[in-house]
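Take a look at this one chain, the form predicted alone, written out in structure tokens.
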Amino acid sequence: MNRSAKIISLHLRNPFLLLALPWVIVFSSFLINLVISGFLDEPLYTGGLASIFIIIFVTGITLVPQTFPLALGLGATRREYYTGTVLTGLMMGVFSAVVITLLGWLEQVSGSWGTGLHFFHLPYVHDGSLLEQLILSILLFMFFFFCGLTIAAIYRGFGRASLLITLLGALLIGTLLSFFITQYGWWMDIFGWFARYTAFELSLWTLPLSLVMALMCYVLIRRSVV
């Protein structure tokens, strides 16, 4: 565990990049939307919060190529590196989820900041209790983190060509699914199925997906060469 803690320290050697910079971007977006909402006569609903999830996705992609060779050069095993990397992602996810939940609560009690801005607390997405909102955010953060980490692990384990083939394969499957759904008019049925569940209930479906990606990343990193 001591070596895994050193991997966390390695990832956080510049805490501003991992912990502060994402929120600088989010708060910049928030302030711009807050100013805009002050000039509107109707509530403003914005998806600016999605940027923090995009950032943790990109973080999952970039952590491995930036630190994997160095970590192994310092004597860490692949298992220790993987454990430390996942714990780093979890720390980022929990920290960000707590901040989002608190700001969402503050947005509610302040009357949407007095301007009608809905940024941190969105209808349907944050309709549950504070605990459900917190768990939802953590699950989404870890899902996007493992999506990024899986891309990095495939690249590290099989190289650029294999990653390109995997991404093209995923794009092809997505395109075919979209075509058949449109062809047979299944969109309304799909939307109706999603509408039967709360956002919190739907977020629970990301947990098994995240676990599968976590196992895949572990296997790929164990067989990766420096």
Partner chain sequence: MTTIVEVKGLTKQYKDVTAVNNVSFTLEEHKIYGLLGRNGAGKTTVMHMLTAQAFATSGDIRVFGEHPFENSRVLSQICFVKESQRYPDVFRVCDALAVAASMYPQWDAAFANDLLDRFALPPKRNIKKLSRGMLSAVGIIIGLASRAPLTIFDEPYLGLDAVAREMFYELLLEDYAAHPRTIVLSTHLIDEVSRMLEHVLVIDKGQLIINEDTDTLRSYAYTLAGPAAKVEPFLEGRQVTRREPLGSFMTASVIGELSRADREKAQAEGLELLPVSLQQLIVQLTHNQGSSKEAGIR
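Residue numbers count along the first chain shown, from 1. Every value quoted in this text rests on a predicted model; they were computed, and no experiment measured them.
The following text describes the form predicted together with the partner chain, which does not appear among the structures shown.
By the criterion of a heavy atom within 4.5 Å, Leu74 is counted among the residues contacting the partner chain in the predicted complex. Heavy atoms of Glu80 reach within 4.5 Å of the partner chain in the predicted complex, making it an interface residue. Remark: Arg156 counts among the residues lining the partner chain in the predicted complex, judged by a heavy atom distance of 4.5 Å or less. At a distance threshold of 4.5 angstroms between non-hydrogen atoms, Gln66 is in contact with the partner chain in the predicted complex. Looking at the partner chain in the predicted complex, residues Arg3, Asn14 and Arg222 each place a heavy atom within 4.5 Å of it.
Look at 43-51, 30-38, 66-74, 188-196: in the predicted complex, residues with non-hydrogen atoms within 4.5 angstroms of the partner chain sit in 66-74.
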